[in-house]
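In the block that follows, a single chain appears as structure tokens, in the form predicted alone.
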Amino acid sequence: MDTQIYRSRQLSALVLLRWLIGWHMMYEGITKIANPSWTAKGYLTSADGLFPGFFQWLASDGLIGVVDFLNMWSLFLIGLCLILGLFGKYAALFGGVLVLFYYLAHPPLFEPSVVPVEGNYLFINKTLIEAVALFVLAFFPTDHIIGINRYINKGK
């Protein structure tokens, strides 16, 4: 059982961050699920980060269907769990890893990206910031206070 105690403002800020990122991830998942022609293939084949071979392998014909399915539904389910406060630590941790993969596929280094971006970045962009925020949420969970996990863990 978590014994972390937050002040009111800390709790409010963490829950707001959890909900905002949850909404963003869930909505991204919904838009991909609702679009039957969506695929991550272009994003993966244009990977220019540290491990382009790995991301291009994920885009191969034998894997892309599985990768697309896992990507769409992971986004949706992680976002939903964050919003509801259900399995918050795990949702935030897996979400952080997923978003970190997005960052590693197209890090904002010195070359202009093939993928459209907002503004100019050097090392740090909104994708990396969201990944780090998800890791913060994993280390400072709030779902045991405000969320479904509060009721699940009540009897324990």
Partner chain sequence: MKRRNLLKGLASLPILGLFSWGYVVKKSEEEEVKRAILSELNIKAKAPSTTGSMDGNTIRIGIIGPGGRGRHLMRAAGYAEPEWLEKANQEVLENPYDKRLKTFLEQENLNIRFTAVCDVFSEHADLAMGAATTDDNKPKKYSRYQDLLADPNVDAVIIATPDHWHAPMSIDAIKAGKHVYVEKCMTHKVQETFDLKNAVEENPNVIFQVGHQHRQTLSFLTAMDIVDKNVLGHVSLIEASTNRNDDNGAWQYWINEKANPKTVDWEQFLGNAPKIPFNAEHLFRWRKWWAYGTGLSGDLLTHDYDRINCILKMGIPTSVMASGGVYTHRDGREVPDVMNVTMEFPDYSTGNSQKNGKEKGMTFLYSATLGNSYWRPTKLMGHDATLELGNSLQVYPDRNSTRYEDFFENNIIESETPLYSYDPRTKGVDGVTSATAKYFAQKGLLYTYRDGKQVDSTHLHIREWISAIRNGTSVSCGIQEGFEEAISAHMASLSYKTGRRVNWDKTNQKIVVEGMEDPDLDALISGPMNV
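Residue numbers count along the first chain shown, from 1. Just so it is clear, the structure is predicted and the values come from calculations on it, not from any experiment.
There is another form of this protein, the form predicted in complex with the partner chain, and it is not shown here; the text below is about that form.
Of the residues given (Leu50, Leu63, Ile30, Ile124), Ile30 alone sits with a heavy atom within 4.5 Å of the partner chain in the predicted complex. In the predicted complex, the partner chain sits within 4.5 Å of a heavy atom of Trp38. Among heavy atoms of Leu77, none comes within 4.5 Å of the partner chain in the predicted complex. Among heavy atoms of Trp23, some come within 4.5 Å of the partner chain in the predicted complex. Heavy atoms of Trp19 reach within 4.5 Å of the partner chain in the predicted complex, making it an interface residue.
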